[in-house]
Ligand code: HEM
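Before any questions on binding or motion, here is one chain by itself as structure tokens, the form predicted alone.
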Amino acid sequence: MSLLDRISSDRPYATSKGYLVSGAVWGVVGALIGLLASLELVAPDHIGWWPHMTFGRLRPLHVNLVALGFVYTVLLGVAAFIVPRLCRVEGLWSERLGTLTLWVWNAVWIGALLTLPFGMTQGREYAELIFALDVLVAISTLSITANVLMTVAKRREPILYVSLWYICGGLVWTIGVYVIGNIMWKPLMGEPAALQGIIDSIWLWFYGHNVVGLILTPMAVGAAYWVLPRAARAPVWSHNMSLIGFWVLLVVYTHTGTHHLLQAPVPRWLKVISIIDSIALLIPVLTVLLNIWLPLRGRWGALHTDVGARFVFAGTIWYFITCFQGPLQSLPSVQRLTHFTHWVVGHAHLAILGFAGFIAIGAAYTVLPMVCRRPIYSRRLADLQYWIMLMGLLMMFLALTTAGLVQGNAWLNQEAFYRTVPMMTVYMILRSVSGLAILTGLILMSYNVLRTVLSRAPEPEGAMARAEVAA
């Protein structure tokens, strides 16, 4: 066997399997680091004694590993299966290229573990990875995007299902958003990866907000559009409406990041546009949700028998709450109470883990049995994970939202900052407890995924069909 054969595979859906396993593992690592960071806010003297374990070092590592190392990686694995299936071809255009790309992608997150805790960072929120790792991200995303687009170009199915629109759009947008948001042309000229003055803040929040809006959202929505109608055995309510939602998402989400800078010296016209577009986000959100929920009428029982669909449906509920809360907190009158508080932290967890994360997990549980040609290792573990993570995330969201309202109200009443710190203790303890629950759920997922992939159970004729039914 050649070296190329040892490090890559040309078997159909090998890319999907690799990304699903990698995402499950990085989910555990990212959640563990998040739990350690939360404990810093409860007992900093006992946890943060080692400089590399301080909150300022752990937080960016946690954010990058969970958002891109876990959620986005799992969604890439789901996409690497959905795209060929909807194109009616066996596997991606080049499974070997896909599995080779996976090595580069995993090298990014190993590099993050070896750099961010040691202070090697670009110092920009959500864009902390050093330039060398940014280059690897760009290479990886270009490679997987080209692979998916070539698969679509070589398809045997003439109709482009809406999931393909969202997945292809999400991959293309990832390249643009990441390169622009990380100012990747500056280091090539020997300059820091940042712009001057307030322009850098505007640029940064274009990136920070669109990590969710134009990277995670289209990939998650594309997966949801495939999983829930399939579970209900009914088509989406309106294909035309789904395409309207796709284009409106692209138009309005691009400009919403500036609503994080309403207190900054940003041009007023840009603030107004960001608020209007934030409220206009309700259009693509409701379009997606109605299109996905309406086929479930009279078929709600599918959610009880299909754990993957149940995770995805819960993700759509979190999506609704997130995208109601987001436009609300873009209003200046609301921001006076919520900005810079734990309310925003709770909102971020709801968007990345609740919306995109739950959909990624559910889609993985739907796809994996078909990729491996055998049922998921343990349906009971998947059910247990669902309830543990659902209760854990609900506890975290309520604790952080309440903490934010307490903080904001105290500050509005001219309370000194240091006096508000002891008020947060009980909420920070609840945050850590909920983080432990989420970590437990992701450990169960990682174990379930690995046992499913590594199982040496026979693959009798018809195993794929039975796996599809079990999924």
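Everything quoted here is computed from the prediction, not taken from an experiment. All residue numbers are counted from 1 along the displayed sequence.
Another form exists, predicted in complex with ligand HEM; not displayed. Remarks below refer to it.
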item	value
Ligand HEM contact at Trp411 in the predicted bound form, heavy atom, 4.5 Å	no
Non-hydrogen atom contact Leu164 with ligand HEM in the predicted bound form at 4.5 angstroms	no
Asp200, heavy atom within 4.5 angstroms of ligand HEM in the predicted bound form	no
Exercise: His62 in contact with ligand HEM in the predicted bound form, heavy atom 4.5 Å	yes
Listed residue that, although ligand HEM is not shown, lies within 4.5 Å of it in the predicted bound form (heavy atoms), from Leu86, Leu281, Ala399, Ile183	Leu281
Heavy atom within 4.5 Å of ligand HEM in the predicted bound form - residue from Gln385, Asn210, Thr316, Thr322	Thr322
Segment assignment from 336-344, 367-375, 189-197, 92-100: heavy atom within 4.5 Å of ligand HEM in the predicted bound form	336-344
Joint contact, Leu35, Phe70 and Leu353 to ligand HEM in the predicted bound form, by non-hydrogen atom at 4.5 Å	yes
Residues within stretch 120-145 having a non-hydrogen atom within 4.5 Å of ligand HEM in the predicted bound form	Glu125, Tyr126
